[in-house]
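To begin, one chain is listed below as structure tokens, in the form predicted alone.
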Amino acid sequence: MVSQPPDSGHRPFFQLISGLAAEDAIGPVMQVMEQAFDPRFGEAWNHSQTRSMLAMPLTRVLLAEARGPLHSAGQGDAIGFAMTRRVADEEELLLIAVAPKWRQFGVASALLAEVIDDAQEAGVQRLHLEMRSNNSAIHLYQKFGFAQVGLRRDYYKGVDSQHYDALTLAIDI
């Protein structure tokens, strides 16, 4: 899938790439992870955690890469990713991240739409995720029809020792 941001005559477009092997995904995923997650909340996974999850057989990665005049085929910069884990007829969105300068161009929406489409094609009945309660990504999930199905009080602890609730969201697909 190739997408372009609105009025993209001056910006490169992006392409979604699926089916990456763990060894091919780890570099681009870590590149985006290091940019995308605010260190105040301690939510970014380290290299070891990410590699371990990517090595699991039911884990899948969808990568968004920049394309255009400055990015030749196979040379795109990683700008976002979605990582999921599928078990039977359920799928969990483990992480979704977009590099800050690529936010507001539809990258996260394209990633999430592709995750949902792929899950539907595979016969998945429910997609769920967990997120920090004050995360602005809630608007993205609500736009796609996710609803809150659970709450874990004081689940996340920021680097400043402040605690944040975790919301569990789900959508039947």
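This structure is a prediction, so every number in the text was calculated from the model and none was measured. We number the residues from 1 along the sequence you see.
As for the form predicted in complex with a small molecule, it is not shown, yet the points below apply to it.
For Phe146, is any heavy atom within 4.5 Å of the small molecule in the predicted complex, or not? Phe146 lies outside the contact set for the small molecule.
May I ask you to state whether Ala36 is within 4.5 Å of the small molecule in the predicted complex, using heavy atom distances? The answer is yes: Ala36 has a heavy atom within 4.5 Å of the small molecule.
Within a 4.5 Å heavy atom cut-off, is Arg103 in contact with the small molecule in the predicted complex? Yes, Arg103 is a contact residue.
Leu140 versus the small molecule, in the predicted complex: is there a non-hydrogen atom within 4.5 Å? Close contact exists here: in the predicted complex, Leu140 approaches the small molecule to within 4.5 Å, heavy atoms only.
In the predicted complex, the residue from Ala66, Ala119, Leu62, Ala108 that sits within 4.5 Å of the small molecule by heavy atoms: Only one option qualifies, and that one is Ala108.
In the predicted complex, which of the stretches 23-31, 119-127, 132-140, 48-56 has residues with heavy atoms within 4.5 Å of the small molecule? Looking at the other structure, the answer is 132-140.
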